[in-house]
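Consider the single chain below, provided in structure tokens and representing the form predicted alone.
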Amino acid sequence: MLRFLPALTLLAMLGPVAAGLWGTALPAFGHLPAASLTGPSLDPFRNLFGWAGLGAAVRLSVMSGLIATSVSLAIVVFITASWSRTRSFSVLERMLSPLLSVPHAAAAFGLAFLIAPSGWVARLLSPALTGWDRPPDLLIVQDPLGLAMIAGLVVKEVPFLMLMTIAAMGQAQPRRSLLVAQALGYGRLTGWLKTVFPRVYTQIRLPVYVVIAYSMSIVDVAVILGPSTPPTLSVQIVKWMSDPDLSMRLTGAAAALLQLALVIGALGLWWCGERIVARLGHRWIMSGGRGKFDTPIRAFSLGLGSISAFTILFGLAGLAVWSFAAFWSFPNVLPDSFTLRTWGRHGPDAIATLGETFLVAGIAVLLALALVLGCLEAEHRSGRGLTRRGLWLLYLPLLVPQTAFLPGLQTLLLNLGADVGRLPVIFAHLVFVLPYVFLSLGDPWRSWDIRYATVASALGARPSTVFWQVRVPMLLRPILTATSVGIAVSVGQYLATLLIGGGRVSTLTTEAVALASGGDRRAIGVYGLMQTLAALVPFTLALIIPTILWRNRRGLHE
């Protein structure tokens, strides 16, 4: 049975992606039997290129993806180069798990509550520094350049890239390189960039590609923080695919193929940029400069990293305050009083939605965990490790934009007469949960000391006994952490729930994003907080449960 699990896992990850792309390609060329349309035809592309907002939507998608990735990567690289192995860096490391667990939509709402004309920043500065006694008429959130959306993406992608970089540092072994560089007179930052960064970037290249693809095609953050006239291409695709006129799905499918081409083009552009930076970096290394600006860059990078982290934390505080706020006039920093009225009105519905969210996430994560554990055990028993090609296949569902294959998967389900609802949503979530669970659990599983298995086998234990009674208990904490990561990924899924669920499955994320158009900050605060707690509580349990279970076996959980 174990030998079939890797193939089954690939089928669960890549099958929906391939089927979805096929389901997108057919209507993009005019073939949609559900609307009595048969192709081939290029009319969907003619309609797409005739849309007046296409240029602006394409520009927004490409620029937001490339700028958000560049800024996030620069912040992570400079922080790691300047502050790794220091007390400040340890503080940032401890904040990574809670920052990562915050869903994108909740972080976007929190940022909007901070920077809006009536947000906390304006309230803190008014009227003493600004002279405002009422919110200014400024378009800060949903600005036409997409700057607020880019900021929202940066504050969420910095923790992800930081985690990937810290994991890569273990393989790069930077300590000796830094000691040699500093002995030769290089500054800390310059020495790290010249001796460690090339090896670290090789390890984090695929996660960087994932950030580019994700930032270019994200929908929920674009709905909350992005411009609306026109929106980003991904948001417009969802509008076309949700249109009651079935013929608009053809235009949406053509736009989805364009989105896929844009992501491939952006990745190609980034790949070319890597070559240029590598050539320039080689010249810089050979020039022998020891680094004149290390001190100001160190301070600047720490400031940017702190702003990124505290933006999320203060944003969540803003959600909490709004959810309990009674009357709150501008420019007061806090409400006149606090009340439970909003929680009484929206709390029961939010709790019911929380149950649906956990049901979908729980089943998806259990399926993912079973497949991943089976694959890792099969890898261990066969002695064949994950190859470079296998790593690319693992990242493939994250590199293909969701807006390119999920609309096609929805159309394919409709054409086949399959029902939409909870079960298809669970399998759609599994596509995204599987890679993250595999990446979270892979390294701890492979680094387990194999001598424990040898001793157990010498005592007569069969391989299945070693697996269930030795390896799984000893790796309980990483297994629970991978489970928490999977739940956080599932809780944050917006497009997969919206399209594949056909409006019949409501999770905290779909409900929170739906509230964005209404502008009821108190209700958004309730759903944003519930969404964050749904992702954060499993991380807390992953820390507590092994400590309680193995309280008499200290070496087992340390």
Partner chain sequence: MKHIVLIAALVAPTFTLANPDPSDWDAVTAEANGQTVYWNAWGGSTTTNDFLAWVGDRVLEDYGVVLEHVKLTDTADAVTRVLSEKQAGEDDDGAIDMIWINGSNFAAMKDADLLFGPYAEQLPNWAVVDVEGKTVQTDFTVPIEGYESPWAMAQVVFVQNTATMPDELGSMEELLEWAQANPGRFSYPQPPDFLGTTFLKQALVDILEDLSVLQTPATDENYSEVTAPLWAYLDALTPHLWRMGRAYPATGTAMFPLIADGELDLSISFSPGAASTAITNFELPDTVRTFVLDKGTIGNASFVAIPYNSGSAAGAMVVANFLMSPEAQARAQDPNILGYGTVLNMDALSADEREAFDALELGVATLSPVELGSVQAEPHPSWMTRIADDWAERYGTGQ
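Positions refer to the first chain, counted from 1. From a predicted model like this one, the values you see are computed outputs, not experimental measurements.
Below, we refer to the form predicted in complex with its partner chain, which is not included among the displayed structures.
K.L.:
Does its partner chain, in the predicted bound form, lie within 4.5 angstroms of each residue among Leu189, His282 and Arg553, using heavy atoms as the measure?
P.N.:
No: no residue has a heavy atom within 4.5 Å of the partner.
K.L.:
Of Ala326, Ala352, Ala370, Leu391, which one comes within 4.5 Å of its partner chain in the predicted bound form, counting heavy atoms only?
P.N.:
Residue within 4.5 Å of the partner: Ala326.
K.L.:
State the residue from Ala299, Leu313, Leu246, Ile264 whose non-hydrogen atoms include one within 4.5 Å of its partner chain in the predicted bound form.
P.N.:
Contact check passes for Leu246.
K.L.:
His380 versus its partner chain, in the predicted bound form: is there a non-hydrogen atom within 4.5 Å?
P.N.:
Output for His380 is no: heavy atoms all beyond 4.5 Å of its partner chain.
K.L.:
Does any part of Leu48 reach within 4.5 Å of its partner chain in the predicted bound form? Heavy atoms only, please.
P.N.:
So Leu48 does not count as contacting its partner chain.
K.L.:
Indicate whether its partner chain has at least one heavy atom within 4.5 Å of a heavy atom of Thr229 in the predicted bound form.
P.N.:
Yes, contact at 4.5 Å.
K.L.:
Does Gly53 reach its partner chain in the predicted bound form if we count a contact as any heavy atom within 4.5 Å?
P.N.:
Looking in the predicted bound form, residue contacts with its partner chain include Gly53, since a heavy atom lies within 4.5 Å.
K.L.:
Which single stretch, out of 529 to 537, 59 to 67, 38 to 46, 485 to 493, brings residue heavy atoms within 4.5 Å of its partner chain in the predicted bound form?
P.N.:
Heavy atoms within 4.5 Å of its partner chain in the predicted bound form occur in 59 to 67.
K.L.:
Taking heavy atoms and a 4.5 Å limit, what residues of 102 to 119 are near its partner chain in the predicted bound form?
P.N.:
Pro117, Ser118, in sequence order.
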